[in-house]
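Only one chain comes next, encoded as structure tokens, the form predicted on its own.
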Amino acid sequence: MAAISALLILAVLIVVSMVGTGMADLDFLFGVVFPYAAILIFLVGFIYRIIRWAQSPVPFKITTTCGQQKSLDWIKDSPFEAPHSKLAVIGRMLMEILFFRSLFRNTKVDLKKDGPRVVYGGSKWLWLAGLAFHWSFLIILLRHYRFFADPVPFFVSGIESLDSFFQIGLPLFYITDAIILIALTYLFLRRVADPKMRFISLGSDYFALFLLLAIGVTGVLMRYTPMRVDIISIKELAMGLVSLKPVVPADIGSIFYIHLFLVSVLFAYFPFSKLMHMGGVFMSPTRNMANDNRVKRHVNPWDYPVKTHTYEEWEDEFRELMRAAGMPLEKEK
């Protein structure tokens, strides 16, 4: 039901953009107003969430480690598993962000029907699909920078050359276009095929997957099928948005506005969704704190002097009233 609801919401969004640009002639609304609004919501929402996380009290060292902490010289420590310096913390964080190291090491428990018996296993397929999706998404995002810059930066051309090394004709075939759709499909099938995952999955989990899949599919349709669009006009629109002098060229194509509208929805939805783990990973105290409890005493920065009111003080304040009410007293005066 959650997946169906998410799919219906996505269908409504697509229909709205189709009707808006195909029948109502609202190209300026979908090509300029919505993208600007989405970027504004994204920036404000992203910064707001980061500030809220930064203000959260962290009274204790809550590093999650699986190795020996640095202590005596004759005890072998694990600087990578239990980093005790900022440099080691940065190293562990980079491995987490770039290669999802904790997911690679993740283990899961399953109850097999034969027996029944408990079995332990890894999550390597999930790790591989997650890694493939995130890296493909980043590369595709960088490739799109060619629409917002003139001349096109050299690194964008380099990324395109590497991404299209499977070229067998025209247009260039970007391998990341295929990888991201395969990875997203796997992540979706994993949720519906596994009863446990299906039980804990919310509509928001499916909506994010469907939205990303729809953005990928519309992008592929524009590039590799007869539903191609005018690239020159798209670049003119993109450059107008970046320079704050928006223009809406005619006859770009409805498929492009559907793609752009879904991207706008993604940007606006991002700060309020689980997708914010992109920024949250940097704010996680289990990842960004050094495991140096044996070297430094961690002082709670929120441990300010608290004004107390003891029972003795309280009884002094209300003694006469308590006596009049017949309540027992510890002191008569």
Partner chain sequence: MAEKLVKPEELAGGIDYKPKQKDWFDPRVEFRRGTWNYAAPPDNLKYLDLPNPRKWSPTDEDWKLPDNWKEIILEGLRDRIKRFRSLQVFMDICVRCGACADKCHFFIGSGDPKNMPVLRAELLRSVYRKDYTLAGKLMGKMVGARELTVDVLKEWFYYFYQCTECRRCSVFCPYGIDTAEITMIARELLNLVGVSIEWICTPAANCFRTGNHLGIQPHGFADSIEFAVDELEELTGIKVDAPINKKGAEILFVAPSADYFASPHYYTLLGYLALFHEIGLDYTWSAYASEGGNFGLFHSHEMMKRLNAKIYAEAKRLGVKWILGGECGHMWRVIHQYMDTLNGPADFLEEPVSPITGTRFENARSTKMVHITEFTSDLIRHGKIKLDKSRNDHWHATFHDSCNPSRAMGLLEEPRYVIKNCMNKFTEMPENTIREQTFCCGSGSGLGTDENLEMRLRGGFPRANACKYVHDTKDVNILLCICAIDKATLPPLLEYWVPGVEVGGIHELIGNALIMKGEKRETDLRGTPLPNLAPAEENTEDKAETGEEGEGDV
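Not measured: the values here are computed from a predicted model. Basically, rigid core = biggest C-alpha set you can superpose within 1.5 Å across the two forms. Positions refer to the first chain, counted from 1.
Beyond what is shown, the protein has a form predicted in complex with the partner chain; the following relates to that form.
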The stretch from 159-167, 247-255, 226-234, 201-209 that lies within 4.5 Å of the partner chain in the model of the complex, judged by heavy atoms, is 201-209
Answer yes or no: in the model of the complex, does the partner chain come within 4.5 Å of a heavy atom in every one of V58, E96 and Y304?
yes
Q. Counting only non-hydrogen atoms and a 4.5 angstroms cut-off, does V12 reach the partner chain in the model of the complex?
A. no
- Would you check, heavy atoms only and a 4.5 Å threshold, whether R190 touches the partner chain in the model of the complex? yes
Hey, in the model of the complex, does V109 get a heavy atom within 4.5 angstroms of the partner chain?
yes
State yes or no: in the model of the complex, is some non-hydrogen atom of N291 no more than 4.5 angstroms from a non-hydrogen atom of the partner chain?
yes
Checked I90, L172, L103, L131 for heavy atoms within 4.5 Å of the partner chain in the model of the complex; positive is L103
Contacts from 65-81 to the partner chain in the model of the complex (any heavy atom within 4.5 Å), listed N to C, are T65, C66, G67, Q68, Q69, K70, S71, L72, W74, I75
- Message: At a 2 Å cut-off on C-alpha positions, does F154 qualify as shifted between this form and the one not shown after fitting the rigid core?
- Response: no
M327: after superposing the rigid core, is there a C-alpha shift of 2 Å or more between this form and the one not shown?
yes
Problem - Core fit, then A54 C-alpha moves 2 Å or more between this form and the one not shown - result: no
